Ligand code: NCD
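Consider the single chain below, provided in structure tokens and representing the form predicted on its own.
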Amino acid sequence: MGGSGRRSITDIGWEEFHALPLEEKRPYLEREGGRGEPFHTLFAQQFDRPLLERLAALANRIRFISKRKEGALALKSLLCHKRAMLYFSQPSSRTFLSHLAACQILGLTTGSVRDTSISSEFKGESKEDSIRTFSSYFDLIIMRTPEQGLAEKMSWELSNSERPVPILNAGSGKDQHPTQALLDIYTLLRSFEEKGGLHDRTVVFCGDLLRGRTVHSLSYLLTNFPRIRQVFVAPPQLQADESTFSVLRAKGVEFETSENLREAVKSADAVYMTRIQDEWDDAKGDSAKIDTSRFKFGAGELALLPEHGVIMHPLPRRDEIATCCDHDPRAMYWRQMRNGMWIRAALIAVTFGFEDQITEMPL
């Protein structure tokens, strides 16, 4: 990954790299010979507005090209010589299938491990050794793990091996979920492309904002767009923490916290609902003790949402969005899921350096 004056992850020791602020890690993770796009995708901090808009435009193009049989076949020929490993040691259905579909659109052959009890980890093999083994067989490793920092560590390990395979973080611990944030931004860009664009907007986050890694990643990506006001609505025990707010302050972003969803909805351009992340409870049942009854979106909230507003959710949901909202044209969460397939295909394409080939394809 090194080359002509560009800082490479191979030029820095693990402890020094790990200690860097996230935004300073970006140059080390870029694709050699590229235009700032990632080789390893680990953090939302790797994406600025120009890159986000490039990815969105590429996702749109892939979406249009794939509508024709000839176009779909042309896309499938692009990366048919590459193989992707989906290593999902944390339960998932949407994220797994979305990445799988993205690989299939571009013709990648895929393999997967979704249950480590049937892998060599059951015999005592470390996760690091398992992933190093996968890199022998595959050209891309897509990882979802409950272990915070594992994707970052393996990106450094693999880049310093004889086979530098890219790592794509599909969710790590309570930390980051960059590809979910990409599909969220893509959904917002599409939602407002004919309504004046993604600027001068109010985005309301509601639910478990402390442990919701999608919230952390999307909140950061929104700082790339001008005058996006962010409102964080949650019970005190589940409110976003200082690490999120300090980033917004440093970037001069207007934000506020609240416990009044209905009031926040009145001025919202987008409402981003999340479920309670009780899988991270220190003791089983801790989250159930929190009164979340005022942090749900139903018919009353729908009536208060501006006509141009949108409702989003990373899914899965429980009861935080009533099903009566599902058929309202402002409900974007089903489109959001499909958007994930297209933007992840775009990300994989740029990871391997195939953006220009897709741009040159006829629509």
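These numbers were taken from a predicted model, which means no experiment stands behind them. In case it trips you up, residue 1 is the first one in the sequence shown, and so on.
Keep in mind that the form predicted in complex with the named molecule is not shown, yet the notes after this line are about it.
K.L.:
Among 228-236, 286-294, 269-277, 161-169, which stretch has residues with heavy atoms no more than 4.5 Å from the named molecule in the predicted bound form?
P.N.:
Of the options given, it is 269-277.
K.L.:
Using a 4.5 Å heavy atom cut-off, which residue among P50, G300, P316, P329 comes into contact with the named molecule in the predicted bound form?
P.N.:
Result of the distance check: P316.
K.L.:
Using a 4.5 Å heavy atom cut-off, which residue among R144, K82, H216, R201 comes into contact with the named molecule in the predicted bound form?
P.N.:
Looking at R144, K82, H216, R201 one by one, just R144 meets the 4.5 Å heavy-atom criterion.
K.L.:
So, T95 and the named molecule: in the predicted bound form, are they within 4.5 Å at any heavy atom pair?
P.N.:
So T95 counts as contacting the named molecule.
K.L.:
Looking at the partner-bound form in the predicted bound form, is Q180 within 4.5 Å of the named molecule by any heavy atom?
P.N.:
Judged by the heavy-atom cut-off of 4.5 Å, Q180 is in contact with the named molecule in the predicted bound form.
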